[in-house]
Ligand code: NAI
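Okay, so here's just one chain, in structure tokens, the form predicted on its own.
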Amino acid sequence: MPKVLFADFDFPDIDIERGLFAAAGVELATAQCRNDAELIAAAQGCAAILAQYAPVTERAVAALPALGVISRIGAGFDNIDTDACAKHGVWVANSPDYGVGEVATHALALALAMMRNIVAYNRDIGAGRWHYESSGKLRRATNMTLGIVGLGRIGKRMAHIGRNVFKRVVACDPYIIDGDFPAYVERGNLAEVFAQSDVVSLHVPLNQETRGMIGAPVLAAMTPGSFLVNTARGAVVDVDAALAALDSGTLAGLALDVLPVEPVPADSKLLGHPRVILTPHAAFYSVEAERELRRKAAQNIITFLRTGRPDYVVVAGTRRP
């Protein structure tokens, strides 16, 4: 009977995974690995790893000769050293399409909450202030431009649902050809998107190119009073630069679902800031999306053990079950 390690998870139970693997005749071991030493110890003899946040390093991959596939619970895979997996012939898979609608609508909700002062109004009422200008003047959304950085599945959905809210939608994605840009989305480079947009929403993966991409030089190009939303990966944004942009008035609001360090540190300047909205890496979440996410991640492994190839391939390996 093949053995799979569930390397880490923050779900209240793992009944979904247990049921799927049991039905497929697969033994499931569980752990809460926080480093490669713990992963190596827990994954001995395992044919596959199901990982949420556990780091999968080259040291770990090299130390696990029986390992054939790693399936990430999520669309991103920045906690997995994909170069090392390719070098050692280990397959990498993910769940790329489980929560597209959830993330896009969450990003739009954050944008609208800032634009319409929803959180600020609620805070003002609690403080005894009752006036439509208590938190400042508001602009009409249909006179504003939405900018999107990253026009993949989620970015396209954000453009689709945002086009009826905003006057214009502009986007930057150097890896998509012109023909794959929707007709209602104008194309621009990163500087142009930030210079032209009243609201910018980020939808890029985390890699060497995007890490720290949204820093002081990019933010300086924005029109004073703009808004920034990040539901992508926390390390894409230089948080200190974003806070400085808030203090200077370049940004009127900052909404983050993801942070470079999660949970947010207790001493973070983001906490309690009157023009910051935080959500706890929840943009992906609905009951249905979570079920789909977990089912697809587990099914990658079951399919690999049956056919030698997972359903959603990130890295094509050479190892066989």
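From 1 onward, residues are counted along the sequence shown. These numbers were taken from a predicted model, which means no experiment stands behind them.
Separately, the form predicted together with the ligand exists; it is not shown, and the next lines address it.
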Practice task
Please determine, with the chain shown alone, which of 28-36, 59-67, 253-261, 267-275 has non-hydrogen atoms within 4.5 Å of the ligand in the model of the complex.
Solution key: 253-261
Practice task
Could you spot which one of 165, 195, 213, 120 gets a heavy atom to within 4.5 Å of the ligand in the model of the complex?
Solution key: 213
Practice task
Identify, from the list 85, 242, 146, 151, the residue with a heavy atom within 4.5 Å of the ligand in the model of the complex.
Solution key: 151
Handout entry: 4.5 Å heavy atom contact, residue 227 to the ligand in the model of the complex
Key = no
Exercise for the section: Spell out, yes or no, whether the shortest heavy atom distance between residue 176 and the ligand in the model of the complex is within 4.5 Å. Expected result: yes
Problem - 4.5 angstroms heavy atom contact with the ligand in the model of the complex for residue 92 - result: no
Problem - 4.5 Å heavy atom contact, residue 124 and the ligand in the model of the complex - result: no
Completion exercise
Looking in the model of the complex, the residues of 204-234 with a heavy atom no more than 4.5 Å from the ligand, listed in order, are 204, 205, 209, 210, 213, 231, 232, 233
